[in-house]
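In the form predicted on its own, a lone chain appears below as structure tokens.
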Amino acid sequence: MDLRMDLLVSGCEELGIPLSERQVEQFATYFDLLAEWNQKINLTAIDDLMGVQTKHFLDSLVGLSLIREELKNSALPLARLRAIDVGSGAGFPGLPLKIVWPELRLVLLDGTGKKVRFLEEVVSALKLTGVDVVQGRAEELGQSELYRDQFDLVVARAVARLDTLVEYLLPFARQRGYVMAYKGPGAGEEFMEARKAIDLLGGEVVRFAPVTVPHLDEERRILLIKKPRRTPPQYPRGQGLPRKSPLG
């Protein structure tokens, strides 16, 4: 077991996520690739060992207990859940979730070719199965029959303000599926501004919960949205409108 990952291991114990030796080694390999690639392309401003373990790995995993608790009360099968990480970037939160939840069927979506190639290398190096890496824009793929209404779980972290983000995410969720957004300071104000958009797009807020990331003294919140109704067909809008003119 890679002893460099001690913060990750102890943090996962606090979160109730036991890690196997293989999973620890997968996280260590992921870190090594992230540090290597970050010298060539701009993946993240945080690439030191402590920062990656806390602000990337553990921060990505802090929402796991919330979604699993919610899924126990739904008809969605945990073993065959299909998820998409929108604006995946360097792979957060999708890849850490996949490592600790191996049966998850996952799509990593990003619009930047270099980041897509990085994600493909990580998936290959970690020997992850059931993961597809896709290059594209959320506004376009959210209107594609291959991706729209296709996912039980849609996740995103550090992509956009909530009133913009929900227009990117909710079209991907199938009816009775879920959206889980990771947010930091200022999320309360964002949430108030996004409530109208969430309702308009077919969503219903289940949880807006403060969460504690082990070894990290920073405010974090998880927004969990259920989708009881279909998203109206005109959303997501194209031509950058979700950012230029948020629905909220």
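Predicted, not measured: the structure shown is a model, and the values here were computed from it. The first residue of the shown sequence is 1; numbering continues from there.
The following text describes the form predicted together with a small molecule, which does not appear among the structures shown.
ask   = Is there a heavy atom of Asp110 no more than 4.5 Å from a heavy atom of the small molecule in the predicted bound form?
value = So Asp110 counts as contacting the small molecule.
query = Quick one: does Arg137 come within 4.5 Å of the small molecule in the predicted bound form, counting heavy atoms only?
reply = Heavy-atom contact with the small molecule at 4.5 Å: present for Arg137.
ask   = Is the gap between Val159 and the small molecule in the predicted bound form 4.5 Å or less for some heavy atom pair?
value = Flag for Val159 set to yes.
inquiry  = Is Lys115 near the small molecule? Define near as a heavy atom within 4.5 Å, in the predicted bound form.
reply    = Flag for Lys115 set to yes.
message = Quick check for you: of 84-92, 120-128, 99-107, 144-152, which stretch puts a non-hydrogen atom within 4.5 Å of the small molecule in the predicted bound form?
response = Checking each option against the 4.5 Å cut-off leaves 84-92.
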